[in-house]
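First, one chain by itself: the form predicted alone, in structure tokens.
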């Protein structure tokens, strides 16, 4: 008759599988959008220099294209990449319910509370699967800005063919100012976005490996 021998050794718990924070489609489209946006901004600065709206120009060291013609080629190439990838991102985000889960609801009270916590460096980032109210506002806002900058860009590119769209912005000249303001907002968002990624490195890691 066999005897069961019980030892006092503790069995190590099985390692838990890391939670997926950013699915593959989000990571892929995020980095494509990032590259396309940077190309558009740098080439856009070169296009701006050809006909400045304000009393300053951008340094050639941070522009792309070398001259107006070259900058336009880069800008249009990046534009199609951004539009196609951005449209796919919007459709997938709505179809999967990701936007509804991640970005809503957004309440003024929640934004003010989380903004105060962020400014005093007390905002928690323990659960990367849930966006705080400041993140929700920023991400929802940058999507809206992205739509406006594409539409204003199209009205500048084809003011005759898309005259109704151009008129919606108040004319060609106003559309240029709208386009510039949207570009400035995107640059500001990128600065904040990168700063937060550096402050919370695990969020950057999640956007690279997903977990």
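Just so you know, these numbers come straight off a predicted model, no measurement behind them. Numbering follows the first chain given and starts at 1.
Below: the form predicted in complex with ligand HEM, not depicted.
Closest heavy atom of residue 162 to ligand HEM in the predicted bound form, within 4.5 Å or not?
-> No, residue 162 sits far enough from ligand HEM in the predicted bound form that none of its heavy atoms falls within 4.5 Å.
Would residue 33 sit within 4.5 Å of ligand HEM in the predicted bound form, counting heavy atoms only?
-> It does: once ligand HEM is placed as it appears in the predicted bound form, residue 33 has a heavy atom within 4.5 Å of it.
Applying a 4.5 Å heavy atom distance criterion, does residue 76 contact ligand HEM in the predicted bound form?
-> Residue 76 lies outside the contact set for ligand HEM.
Within a 4.5 Å heavy atom cut-off, is residue 24 in contact with ligand HEM in the predicted bound form?
-> No, residue 24 stays farther than 4.5 Å from ligand HEM in the predicted bound form.
Only one of 181, 167, 38, 154 comes within 4.5 Å of ligand HEM in the predicted bound form by heavy atoms, so just point that one out.
-> By the 4.5 Å heavy-atom cutoff, the listed residue in contact is 38.
Taking 45, 176 and 188 as a possible spot, do all three reach ligand HEM in the predicted bound form with a heavy atom inside 4.5 Å?
-> Result no, not one residue of the spot touches ligand HEM.
In the predicted bound form, which of the stretches 167-175, 66-74, 52-60, 140-148 has residues with heavy atoms within 4.5 Å of ligand HEM?
-> Result for this chain: 140-148.
Going by ligand HEM in the predicted bound form, which residues of 185-211 come within 4.5 Å of it through any heavy atom?
-> The stretch 185-211, when checked against ligand HEM in the predicted bound form, contributes 186, 189, 190, 193, 194, 197, 203, 204, 207 at the 4.5 Å heavy-atom cut-off.
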